[in-house]
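One chain follows as structure tokens, the form predicted alone.
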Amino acid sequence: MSRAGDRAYVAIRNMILSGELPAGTQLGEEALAEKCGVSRTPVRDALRRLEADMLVVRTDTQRSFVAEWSLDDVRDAFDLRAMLESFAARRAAERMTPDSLARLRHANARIAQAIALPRPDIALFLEGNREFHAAILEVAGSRRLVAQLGALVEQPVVWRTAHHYGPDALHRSWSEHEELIAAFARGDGAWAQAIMASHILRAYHAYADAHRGMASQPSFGKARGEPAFALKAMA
């Protein structure tokens, strides 16, 4: 893909993930080209790539829309992520170095800092969380796992839902990371695999509970033009 195509892809993807382009929004190439500062051809290429990422759907009439995800769709993504990322955790435990372990501890310390505030800093939480899981994948050393998980890690949990997580749910995520670090420090692949699987699936149920609660509110979703599924990783 061209540099302009990459720029359009990143810009449109960020607009979808942030909720600026809500689920169900029609994506006009001309309007997007103007927003991204490129021609229509790079936008067309970017939309094809986003369609492969399952963030965009194309109709029989070749019109593109922001994809809408059902709860079943999200569960499928979590199930796949639990299988793949738990395997990555097992591999990482067998390959962990002191430097990589220090990186994991640093990432989880950032999460602890984010959730210790009177009003948790969700942006800092998400940043530390991404760093933590990315470090595990890096240590696992499998390009195929990285390729398979690349799409899933950005798709399981609604970004807006993160702002509805209570202190207990945020602390539980940090605590599970601490247990993963303990397994990695001991080189115990089976332990790390079991923790990661339960960590991902617990995150799904936390998401599902929050989503159902949000869906029952009159202000949720399309009633105010907000995204039903603007997707980011939380586990």
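Take the two forms, superpose them, and find the largest set of C-alpha atoms that agree within 1.5 Å; that set is the rigid core. Please read all numbers here as calculations on a predicted model, not as lab measurements. Residue numbers run from 1 along the displayed sequence.
Quick note: we don't show the form predicted together with another copy of the chain, though the next part is all about it.
Taking non-hydrogen atoms only, residue 201 never approaches another copy of the chain to within 4.5 angstroms in the predicted complex. Another copy of the chain is not shown here, and in the predicted complex it never comes within 4.5 Å of any heavy atom of residue 40. In the predicted complex, at least one heavy atom of residue 84 sits within 4.5 Å of another copy of the chain.
Remark: residue 147 counts among the residues lining another copy of the chain in the predicted complex, judged by a heavy atom distance of 4.5 Å or less. Residue in contact with another copy of the chain in the predicted complex (any heavy atom within 4.5 Å), chosen from 134, 112, 126, 80: 80.
Screening 202 to 210, 31 to 39, 173 to 181, 62 to 70 for residues having heavy atoms within 4.5 Å of another copy of the chain in the predicted complex returns a single hit, 62 to 70. Within 4.5 angstroms of another copy of the chain in the predicted complex, the stretch 167 to 206 places no non-hydrogen atom at all. Annotation for residue 59: C-alpha shift of 2 angstroms or more between this form and the one not shown, rigid core superposed.
Residue 29: CA moves 2 Å or more between this form and the one not shown after rigid-core fitting.
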